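Take a look at this single chain, the form predicted alone, given in structure tokens.
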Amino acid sequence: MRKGFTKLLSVLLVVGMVLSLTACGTEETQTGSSYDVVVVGAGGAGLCAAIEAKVHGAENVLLIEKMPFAGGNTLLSWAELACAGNWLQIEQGIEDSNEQFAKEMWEGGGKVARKEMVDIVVNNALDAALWLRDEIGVVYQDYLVHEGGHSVPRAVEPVDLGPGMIYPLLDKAEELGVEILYDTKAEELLVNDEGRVIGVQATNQEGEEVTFFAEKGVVLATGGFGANVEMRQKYNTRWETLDESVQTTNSPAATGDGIVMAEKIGAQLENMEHIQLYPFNNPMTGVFYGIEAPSWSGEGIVYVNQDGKRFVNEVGMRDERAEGILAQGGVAYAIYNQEVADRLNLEEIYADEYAQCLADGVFYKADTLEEIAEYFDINAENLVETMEKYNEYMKAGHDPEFGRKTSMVPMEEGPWFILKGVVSVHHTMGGVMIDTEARVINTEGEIIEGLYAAGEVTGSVHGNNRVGTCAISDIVVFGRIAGKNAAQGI
């Protein structure tokens, strides 16, 4: 089962401190030198790109990261990777196909993404998962994740979540001889007279300007701009506001650096206005709950408003759930019972998170619905009626009010668990335009020679809404493509 946030974050802090102390380059590197390939950003996409560049012929690969540790948003994620036809689906007799997966990913993004990009992710996702498992050493859970937008469970998840993916990738990169510099922030892409990207100008931890030349190519893997309030406000056209009052699930490093640098040299941006809100997060931190696990597990969960009424399909698409919560004044409550918690072993796995959330006043557990309603000043009479209707729908296998079709699990007996939740900025679908070979395209529709990109820095894959668990599929597939092509000059 999933590990708690406390363990994940404590590991993150320790590793960050260790890597900060050990990260250093040669004197030659600090004063500027040449490499075959330079990768900017040591998250999941960047690490995949660096590894594949090395494997496919780049003798000298440099990976620079502005934070004092590797990982980016991938480290903070569950690292769930959607892939059709995977080994767990086969074991469990779940029928699936790339065609069905591609249809759901494309339609989930409002049919706004370029379909050929969606197809590349989907058709290479299983190979990406097998590569992570068999070549990189990622260890996966023995269950599947079923996120909203998918008709069947199809995402595999590392035993240790984000760290369980990032640390094996980091080990492999170091084993292959990839040079990694932390506390090194890329500031500008260097372009020659022919318009080819030939390197990166950066600032190191001493505040000194350093230059890294790339003989074969530069790969941008700097992530999105979910933590950049100014950029969110600049491009937002959908939500009432994305100012500082709206928190984010993202790493503080997700500030759009690569997008800005690429735009300055003529890169075409696309889908910048499409910014995803994660629907249900801890009001104290802005980060999604581990203890809201029933929302992804195929178990039972109910969302209610202050009046004690359901208002949305609780396992629907993220944007639909976020819109629903915002329509309730921006606050909602998630409810499940002891039977669900026991089946998922939540109280053991998330003991620390439960304790912290209880102390913060955003979680409560009681024997009756009336008690949990009283704790959050919810209309108790309506809540009891809501749960009666919910159970009626779940038993019948038909939800006439909100169209729920999966996780049809009745919940009739207490004790009851209740969480308070708000929306947070989670993913920015927009970024630089790339082609099917991960090459960056300029405003004239031409390839910018020597520049590649992968992951959330790109805007070509997810359309107007990213379907849950497809981000890791994207970053691994296109990270690998970008690294290989940069090394081979494709």
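Quick caveat: nothing in here was measured; it's all calculated off a predicted structure. One rule holds for the numbers: they count along the sequence shown, beginning at 1.
Form predicted together with a small molecule: not shown, discussed below.
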property	result
Contacting member of 433, 64, 448, 58, with respect to the small molecule in the predicted complex [4.5 Å, heavy atom]	64
Contacting member of 276, 86, 295, 184, with respect to the small molecule in the predicted complex [4.5 Å, heavy atom]	184
Which of 302-310, 184-192, 344-352, 277-285 lines the interface with the small molecule in the predicted complex (heavy atom within 4.5 Å)	184-192
The small molecule contact in the predicted complex: residue 257, any heavy atom under 4.5 Å	yes
Close approach of residue 45 to the small molecule in the predicted complex, 4.5 Å, heavy atom	yes
In the predicted complex, residue 82 touching the small molecule (heavy atom, 4.5 Å)	no
4.5 angstroms heavy atom contact with the small molecule in the predicted complex for residue 253	yes
Whether 149, 315 and 469 all lie within 4.5 angstroms of the small molecule in the predicted complex by heavy atom	no
